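Coming up is one lone chain in structure tokens, specifically the form predicted on its own.
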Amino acid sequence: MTELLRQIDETCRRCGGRTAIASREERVTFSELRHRARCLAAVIRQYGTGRPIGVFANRTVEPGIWFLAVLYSGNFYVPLDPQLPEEKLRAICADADFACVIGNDKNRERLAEMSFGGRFLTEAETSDMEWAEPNMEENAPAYMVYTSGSTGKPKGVLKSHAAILSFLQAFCHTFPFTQDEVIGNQTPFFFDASAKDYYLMLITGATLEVIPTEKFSMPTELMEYMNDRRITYACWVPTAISIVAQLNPFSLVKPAYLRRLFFVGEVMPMKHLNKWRSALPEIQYVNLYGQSELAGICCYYEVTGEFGSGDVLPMGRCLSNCRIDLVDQGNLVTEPGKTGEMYISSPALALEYYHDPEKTAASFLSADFGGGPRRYFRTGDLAQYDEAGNLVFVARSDYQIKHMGHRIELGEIEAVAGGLSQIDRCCCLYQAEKRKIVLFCQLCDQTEATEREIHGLLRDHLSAYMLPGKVVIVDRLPLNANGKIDRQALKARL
């Protein structure tokens, strides 16, 4: 076994009778998790080792068992969204060429409808076959996530056992977690961000509580559910945190056991976070930054002190296992306030883009920015240092536009607009063929404002060349399955 799998196995034995994963319907102890995973692993092993295994990531406890079964079998898993459009599911199945796919009977029917010709397993098909310890290198692949990328074509990001362990060691050194933690999971298991919750449970012996998705649109019930399950730690996307803040359940019920609220995946609007901080000043708030091409995260910033509604939180500093260099046209950026692209070097970097050596070579490269050559991931994210030495996110490089002779960060427009008291959330896009900046806005409840009025307010805060050419007020900004603002859906409305 790899060191990661050995430590997971030791956790399962040490914490045997404690709850590992729980949902509204079911609880599984660490002993049960280990036993069921090993039984299924013995069956999966018949199809070889070192192969990709598709796993339908339903919002239940089962995927947590199936993921571990794949690791115990010496293969690597690929989480699958049960609601994924058929075209994308076909593309992933074709690209991965799964040795088998694991799921429930409903998932089997879904694949049958699209004439999937591969092997399909349910946990009911496990047998009394004896489990054999897999022989794997430390850098063996553990799991792969598919992201759509800029072209919309799914790309597989492959991560190793060693990368996951590197992240966990650095993360748990910075934020000591114990087996008494109860993790409130918001992110679906088919999204990469959920891996932090999953592996944190496996390595520490904490309990992973799968919160029902519908609770996030009913914040009072969400708070009650968190109290019923005694949730102490949550790492959610900022949109989920913002929805709770907007509906403001804290005057009725507060999360009595919550000690830590982390957020990752998007820029956190300060006016929403300030509502949490005002209602729950005693808990720890931490802004995390990471990439799908990295196991876990690489930067963190603990929120302390006062921040205004329009302020942008720093990404902070690197975890101990990471190094980040800012680069502008091949030159290292060290001066505060100057923008550069983020290059990440870490043992936690992904192995490759699956079946795409050209893209792998373009994004994962060797460079020497001081101290000798290192393997870097070129992120495409632009950042600066502040005067305290913290990294501050500026924009995606593909969100940086040239308009009216000026280089503009669309994220800067979003930060200013999001700071207006009338706007709950917003998203800024560029209509290149018409050379027009378009701002989509969702207004706060009990707020009335016209598009002309919003445009007038922005005129007081933005340079003329940064003003949106069009403001569109929507009832609700569309969200993707991960709870983030769905920019692709908004682009279709341009």
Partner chain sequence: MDELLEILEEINPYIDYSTEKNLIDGKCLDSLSILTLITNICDAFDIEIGPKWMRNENFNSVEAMWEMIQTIQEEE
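Source: prediction; values computed, not measured. Positions refer to the first chain, counted from 1.
Only in words, not in the display: the form predicted together with its partner chain, which the text now covers.
Heavy atoms within 4.5 Å of its partner chain in the predicted complex are found in one stretch of 356-364, 105-113, 249-257, 118-126, which is 249-257. Contact with its partner chain in the predicted complex, defined as a heavy atom within 4.5 Å, holds for exactly one of Ala140, Met218, Val182, Val303, namely Met218. Proximity to its partner chain in the predicted complex, defined as a heavy atom within 4.5 Å, singles out one entry of Leu479, Cys15, Ala22, Val472, which is Leu479.
Proximity of Leu89 to its partner chain in the predicted complex falls outside the 4.5 Å heavy atom cutoff. Among heavy atoms of Glu266, none comes within 4.5 Å of its partner chain in the predicted complex. At the 4.5 Å threshold, heavy atoms of Glu214 reach its partner chain in the predicted complex. Contact annotation for Glu412: none of its heavy atoms lies within 4.5 Å of its partner chain in the predicted complex. Residues are counted as partner-facing when one of their heavy atoms sits within 4.5 Å of its partner chain in the predicted complex; in 423-448 these are Asp445, Gln446, in sequence order.
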